[in-house]
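Take a look at this single chain in structure tokens; it is the form predicted on its own.
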């Protein structure tokens, strides 16, 4: 099995509606960026993985068939992966396995969603068990609010602590040229924003975005020929659990913990708080980021509020989280998880511009899909081991 590195990344400018391009044009914009970053052409790519949300997100069934020509996929292996919000990382995992197994030397993975053209909330509601889940779900917000309520009472994940997550990520997104939302907010703004499903409020929720991200992966024997500064994938995993809430632990994501344990073991991570220089976490709601701090071992159970309050996860802190702005900056759902991986790669290769964490060499990536029952983790480093 070969080691695998990220040798090129590209993103679109994310927006509420990208009326200037079709879905194929949106995807090609990200692909062109990744190819330019890797100094490659489409002829150099051996295989392609397309990652996008469920069909109704963009109102196109089997969109990979439409995208083949735009991706240079004519007469090349092309496969599509979909896994809700975690789709991008699931696609990267599929691409990594193609490279590590020797099936391909260089794989392009492109993730996207053009949510302005689909029926988002309707599609999300159809993800659930039709007998026991759909009436309760109300999209994903019903379950997310129940999650948060359980954690407020038991773990101290207060509305004020979650508001600090929103403030931090909005501030960081302001530095990111790809962001959809570039507007700073205050704790008071968040707490006084429109209630949606208590305790979730409008500024606890990311925007709905059109956007795409592309990443090129290569095997270790090929990397010296194509990249002087690769970002090595030192571990990646994706776990799931039961669909129905009655069978799930409300205080922490068990799949997240399992994925983290597996990846940390492979990457040699024994003290996450001290060994990671930066983290990119996919936060569909502010309270989820608090939970991820604990589930990923960045603090002990019940200490997430104290961690965010201490400033440790700010750009100047000892474990900056979401210097890109995370989902609060842009949320093209099918691409969001791959954006986290691409941003981590930019950090460890010192290419992140104004959002660069100085000296970052080891990055943590977290992503999630389904309705909070699928969780993925990756470790990306400037060094192979």
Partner chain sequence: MFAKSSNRVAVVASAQTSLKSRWANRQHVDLISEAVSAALKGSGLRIEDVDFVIDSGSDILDGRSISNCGFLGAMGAHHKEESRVEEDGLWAALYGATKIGAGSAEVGLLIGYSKPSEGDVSAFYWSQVEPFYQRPVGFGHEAASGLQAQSYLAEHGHSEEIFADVVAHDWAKAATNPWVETDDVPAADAIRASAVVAAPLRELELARAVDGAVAVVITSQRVAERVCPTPVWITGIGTAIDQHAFARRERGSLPAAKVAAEAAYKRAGIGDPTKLSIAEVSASSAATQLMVLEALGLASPGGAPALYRDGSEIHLNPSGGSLPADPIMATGLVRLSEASLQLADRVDHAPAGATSAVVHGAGGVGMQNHCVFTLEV
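What you see is a predicted model, and the numbers here were worked out from it, not measured in a lab. Positions refer to the first chain, counted from 1.
This next part talks about the form predicted in complex with its partner chain, which is not shown.
Of the stretches 170-178, 286-294, 302-310, 253-261, only 253-261 has residues with a heavy atom within 4.5 Å of its partner chain in the predicted complex.
Looking at residue 232, you'd find every heavy atom of it more than 4.5 angstroms from its partner chain in the predicted complex.
Within 4.5 Å of some heavy atom of its partner chain in the predicted complex lies at least one heavy atom of residue 374. By the criterion of a heavy atom within 4.5 Å, residue 37 is excluded from the residues contacting its partner chain in the predicted complex. Heavy atoms of residue 73 reach within 4.5 Å of its partner chain in the predicted complex, making it an interface residue.
Only one of the listed residues (192, 97, 275, 186) places a non-hydrogen atom within 4.5 angstroms of its partner chain in the predicted complex, and that residue is 97. Contact residues in stretch 95-112 (any heavy atom within 4.5 Å of its partner chain, taken in the predicted complex) are 97, 98, 100, 101, 102, 103, 105.
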